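Shown here is one chain on its own, the form predicted on its own, set out as structure tokens.
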Amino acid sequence: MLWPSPPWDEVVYWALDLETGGLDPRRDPIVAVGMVPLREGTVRLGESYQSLVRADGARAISAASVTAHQLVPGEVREAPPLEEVLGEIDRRLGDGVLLVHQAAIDVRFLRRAHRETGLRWPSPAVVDTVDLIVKAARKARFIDPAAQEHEPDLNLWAARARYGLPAYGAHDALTDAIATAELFLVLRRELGARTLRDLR
């Protein structure tokens, strides 16, 4: 017998996005964080959090990542240190579920950051909008096998466009967190998910 799962809208979700100095979670630094909560199924912009993160001098910000997020080393030199920012993240996750787009990337960066700063990874429940996109595509094919012959595009902005959500400027941590939260609400409705379990 399965354990009961709370209704989806009784759960607090913290949508999170990281901007990083590269795409390798084993070595590249976190340079910016954005978070926004969903409470009772509503995005609460007034409770959002964002911060730059002081880059570890031993970890370089790659030129390719600067092209994406436009953050250069001088901008993060005086930012709060990683340990302080992780404390802010963990405090927020204490009452909620971590909501990300591409958990395989963001969660790996967060786990490594906790390990290297000596902080305990809080192991929050995670909902990944990429998983929800895949579930929605399977559901569509189940209803109509000809509905979608190709695998769905998992890119955040492509997925938003597919569901008629507006385009925002990409690679700003808070903007991307808000974009993830909005996409989550659309996918939740598309899937008819009623509980947190339905979303994982």
Partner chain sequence: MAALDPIAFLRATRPFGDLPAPLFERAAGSLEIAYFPAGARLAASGTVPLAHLYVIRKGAVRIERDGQMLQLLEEGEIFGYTSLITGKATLDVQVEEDLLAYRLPGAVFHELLTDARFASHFASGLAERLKHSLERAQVVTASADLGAAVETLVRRPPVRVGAGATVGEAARVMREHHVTSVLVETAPPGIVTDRDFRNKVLAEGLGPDTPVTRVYSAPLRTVPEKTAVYEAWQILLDTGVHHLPIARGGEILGVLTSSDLLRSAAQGPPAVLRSVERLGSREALPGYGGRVSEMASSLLAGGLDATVIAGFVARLNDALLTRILRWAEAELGPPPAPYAWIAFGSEGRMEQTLLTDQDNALVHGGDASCEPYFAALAERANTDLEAAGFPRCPGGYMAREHHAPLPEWEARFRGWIDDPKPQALLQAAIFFDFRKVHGALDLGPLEAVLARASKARVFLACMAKAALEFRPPPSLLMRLRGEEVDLKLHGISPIVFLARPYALEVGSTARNTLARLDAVVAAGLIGEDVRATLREAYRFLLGLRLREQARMLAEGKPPVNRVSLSALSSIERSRLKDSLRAIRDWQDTAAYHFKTDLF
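Numbering follows the first chain given and starts at 1. Bear in mind that the values here come from a model prediction, so they are computed numbers and not experimental data.
The protein also exists as the form predicted together with the partner chain; that form is not presented, and the subsequent description refers to it.
Mapping the unseen interface onto this chain, Ala158 falls outside it, with no heavy atom inside 4.5 Å of the partner chain in the predicted complex. Using a 4.5 angstroms threshold between heavy atoms, Leu165 counts as touching the partner chain in the predicted complex. Looking at Leu191, you'd find every heavy atom of it more than 4.5 angstroms from the partner chain in the predicted complex. In the predicted complex, at least one heavy atom of Leu174 sits within 4.5 Å of the partner chain. Within 4.5 Å of the partner chain in the predicted complex, a heavy atom is found for none of Val126, Thr195 and Asp198. Residues Ile178, Glu182, Leu185, Val186, Arg189 are the members of 177-196 with a non-hydrogen atom no more than 4.5 angstroms from the partner chain in the predicted complex.
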